[in-house]
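Given next, in structure tokens, is a single chain: the form predicted on its own.
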Amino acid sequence: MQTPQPTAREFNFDGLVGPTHHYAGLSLGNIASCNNANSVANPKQAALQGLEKMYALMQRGFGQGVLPPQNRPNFTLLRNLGFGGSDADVLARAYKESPLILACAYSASAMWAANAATVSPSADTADGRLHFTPANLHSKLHRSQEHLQTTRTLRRLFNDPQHFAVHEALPSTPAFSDEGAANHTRLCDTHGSAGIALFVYGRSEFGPHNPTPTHYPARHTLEASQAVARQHGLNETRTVYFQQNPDVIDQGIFHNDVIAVGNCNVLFYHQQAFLNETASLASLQSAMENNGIPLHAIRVGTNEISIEDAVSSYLFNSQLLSKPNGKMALVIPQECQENKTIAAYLQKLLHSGSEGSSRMPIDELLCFDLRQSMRNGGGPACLRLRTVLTRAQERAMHQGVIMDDHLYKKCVAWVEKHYRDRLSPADLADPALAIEVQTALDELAQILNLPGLYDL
């Protein structure tokens, strides 16, 4: 077996909500996104809510970083689609002829950093480096444009080839449709020891041809996960593939992280999360036991929580964070407390953990107001990219994005200065907005000590 890595620490790199956060209903299959289409968003509040979560978790001692937003609008996309003239002409014509394409070019969805990439810690990879594969997000136009900047950003943050490898995104074709870490969970004994990579896919391009959704699209393929595993040099005996239950995709579970979350040896999941639940869990348990890792599965039955309640509350789009006392904190959106069924279940769960039972690792709930993100279908887990860093890797990465008191204050002041508190799809036609965003991002690059981050 592979020798355990030196002491390692998990960091969550949260996407900083961009100045063009709006509700255009671009994500078919994401019920919250579609239900709130064309309503008025508050980018300033959204960014401040996200920063508050980052700062609070940092204060609690959890590793926390920031992923900067992407430059919007994407004029290259608009011009490639035939909208010509000056920048103002491009915006005006796009809004007149295809406001949805304009909304795609303005999308701030890179804020949901769980889709930014798939990450494999150095304890799991053949060459002992930390590996990233940016997700191509092929299934949605508004997200398929993200991987170029994501790759550029990750290579600026993790730029030491001795410690890091940032791969190119997979080919942007249906066979390799890749949604990133939203469909990947790493289970382990400790963060620094070799773990099990659990990939969850919606469909297979080349087989096996199991049932697939009939109403909403299955966004992620088995072939994409297999390709990422090869890129990262993962050990086949420590790699497991589950198919997502197509029935729940048709009920609004567009990514696995809306129905399951894991940390260390704990998998918190809904009974209907996976196709062939019994066989799937048996294969995972076997892989873990063969590598000396006992699986602790917390199964939530349909009789306890319905899929409808899971989707509306985003109970499973929570973060599971390891605490020094050996227990775990569950980071939830406030919608979980507002749903009586979910709130009652969580109190029961919390009571089991707080009694000190070795059978229940969760002994604390951390609740955050993320309403602006939730209205577009993104909860606490959507907002972060999980990354395990050894101490040497912590020192080797770019330090300007690590959350601390100083960076929090600078980012809050930046948001207060540059962000609008009201943005509707009609506002995207305003050429002043594009200028405002460019000015803001140029300043942010200086705050994060990433000059030239947005240069084409």
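Residue numbers here begin at 1 and follow the sequence given. Note that the structure is a prediction, hence the values are computed from the model and not measured.
What comes next is about the form predicted together with a small molecule, which does not appear here.
Identify which of L102, L370, C382, L170 has a heavy atom within 4.5 Å of the small molecule in the predicted bound form; exactly one of them does.
Selected residue: C382.
Here the chain is shown alone; which of A224, A197, I249, A114 has a heavy atom within 4.5 Å of the small molecule in the predicted bound form?
The residue from A224, A197, I249, A114 that makes the contact is A114.
For the chain shown here without its partner, which stretch in 250-258, 187-195, 127-135, 338-346 has non-hydrogen atoms within 4.5 angstroms of the small molecule in the predicted bound form?
Looking at the partner contacts, the answer comes out as 250-258.
Please run the contact check for S177 against the small molecule in the predicted bound form: heavy atoms, 4.5 angstroms, yes or no?
Judged by the heavy-atom cut-off of 4.5 Å, S177 is well away from the small molecule in the predicted bound form.
So, in the predicted bound form, is S27 in contact with the small molecule at a 4.5 angstroms heavy atom limit?
Looking in the predicted bound form, residue contacts with the small molecule include S27, since a heavy atom lies within 4.5 Å.
If you check in the predicted bound form, is A182 within 4.5 Å of the small molecule, heavy atoms only?
Yes, A182 sits close enough to the small molecule in the predicted bound form that at least one of its heavy atoms falls within 4.5 Å.
At 4.5 Å between heavy atoms, is Y23 in contact with the small molecule in the predicted bound form?
Taking the distances in the predicted bound form, the answer for Y23 is yes, it comes within 4.5 Å of the small molecule.
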